Every structure is written in structure tokens, then in C-alpha cells.
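Take a look at this single chain, the form predicted alone, given in C-alpha cells.
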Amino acid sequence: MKTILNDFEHFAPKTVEEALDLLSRYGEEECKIVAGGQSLLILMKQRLVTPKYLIDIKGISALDYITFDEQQGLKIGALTTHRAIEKSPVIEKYYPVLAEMEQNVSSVETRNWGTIGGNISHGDPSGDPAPVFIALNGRLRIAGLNGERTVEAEDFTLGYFETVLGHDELLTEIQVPALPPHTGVKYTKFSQLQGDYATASVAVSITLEAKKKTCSDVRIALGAVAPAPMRAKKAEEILRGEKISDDLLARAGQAASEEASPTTDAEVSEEYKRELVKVLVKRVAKEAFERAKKA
């Protein structure tokens, strides 16, 4: 009987250093990192990737944590599960948008095992977490044998399933600064089925000045409508420094739809995705604005 998966050798390092050492021994085509395995195993079953060696980092307990303080903000270890983020009292209190996002990531079974770092490192432009971390001005810490480096969340994914991670590097931590006063954040995705990958997604963070009338800062992130999650910077400029109104939000939505670079797929057309971006940006930005007024 033919096996579904190709034969491979399994390693289970207990520290980041052990994992990095294993990565340095084998070529990029020979080995793959597996964290939760929710994405990689599907690719292996389809024989799109056939690694000879699997480096299973799920047992590196030092990368499973959620911490927060007002100076350093939020830090999430790369091996923290989606479910842990969804149910964290710290997340619910300081960054509820992350808990809301996680509630619509696949199924509870997947969220119980899949990791936040594995999701981001997979580089799927339709993934849920990346646009939210971009809107939150997040940074990603990366470890390698020659030391550590930190990159902006918006710069991490380069294209379809391609990231800045070198073969001998690991994503170890997601960092999010404390939210400024009078800041509201909202995320929404449109998908064919509950919990499915996004057809289009939008995350918006709006910060108001002290009197809560003018937008002092804004970040608009789009998912699933370009080769990588992206900022809609022209749309942001329409709102920054202005009093928020429905007309202004509609203009921002139009600008974002023009900035996006979606492609037609088996489900919907490019034009439909652009229309989704236009509608979602206006809607999500308005909800972020309402949250900012209450913050």
C-alpha cells in the first residue's frame, strides 16, 4: 500500500539553540520546521513538499507565553496556540481585537494545536493574524545562529508563502506596543464559510487626539488581496489629521481598493475583491473610530 506521506526523519529539539543547530546541518530542501503542523502536513500529503527531515519545535516550552506591561507592551511566544490567545485574560483586557480575530480562525480543534508563529511563518496572504499585527504596529523577533533581529510585521511576508526568514532562522516572538490613548482597533474578514480562509480581510487602528474629534494616526492593513498582507497607505493619508465622516471613510475605502492588487481565483473575481476592500475598509474603519471614541 502506498503511504500518504513520504518517509522522513523526525527531530524534537527542546531549545531554540538545538533547533537552529539542526537547521544548520541540512539544506533548505531537505528539512522543514513543524510547529503545529496544521499547514505543513497538508502540503506534505499533497506531496508539494517532501522533506527528508522534520524539525518539530512544538516542545520548546520557552516559546509558549503571553506577557504584558505598560512600558514594553505585549509579547507572545511563537509557539503560543491560537486558543491560548483567544482565551487569554491579558489579551481580552488590552488587545481584544486579537481575541476576536482568533475566534474565527478555522475550528476550535485547529486553534487548540496550531501556533501563532507557525501561522505567520507559513506566509499565506489569506491568514488572519498578520493584518491584525500590522494594524497594531507589531514587530517580529527572529533568532539565528549569528544572533537575533527584529522586523516590522508589515515587512515580514514578501510574497505568496515567502517570508524574510532565512533557512537557518526561527520566528521566536511577536511584539506589540501598548496602545496609545483613544485608540480603537477592529478586524473583519469576508470568507465563504465560517472560519475559512479570507477572501478579503481588513484590520484598522485609529487613534484620536485628546478631544476625540480628529484622527491623529491610523493604520489600515489588508489581507488576501495582494501577494502579501499590506498597508493601505494612501487610504491612511486620507484619514490622518482629519475629522472622521462617512464621506471620508468612503474615500478611504475607494483608495484602499485601488491600492490592493488582488487576482481572480476559482471563487471570485479581481473586481469582486476590490469591491470587498472598498466596503470593508469603510465599515471596519468606522467601527475602529467608534471604539476609539470610547477608549
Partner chain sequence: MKKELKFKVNGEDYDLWVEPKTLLVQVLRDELGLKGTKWACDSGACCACTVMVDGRAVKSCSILALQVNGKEVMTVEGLANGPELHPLQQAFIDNWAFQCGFCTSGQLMAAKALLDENPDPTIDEIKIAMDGHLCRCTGYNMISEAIQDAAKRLQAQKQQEGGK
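Positions refer to the first chain, counted from 1. Bear in mind the structure is a predicted one, so any value in this text is a computation, not a measurement.
Unshown form predicted together with its partner chain; subsequent notes refer to it.
- At a distance of at most 4.5 angstroms from its partner chain in the model of the complex, all three residues Arg83, Glu109 and Gln194 contribute at least one non-hydrogen atom.
- In the model of the complex, its partner chain lies within 4.5 Å of some heavy atom of Lys87.
- Taking the partner from elsewhere, Gln254 is found to have every heavy atom lying beyond 4.5 Å of its partner chain in the model of the complex.
- At the 4.5 Å threshold, heavy atoms of Ile42 reach its partner chain in the model of the complex.
- In the model of the complex, its partner chain sits within 4.5 Å of a heavy atom of Asp56.
- Only one listed stretch (71-79, 204-212, 111-119, 90-98) carries heavy atoms within 4.5 Å of its partner chain in the model of the complex, and that stretch is 111-119.
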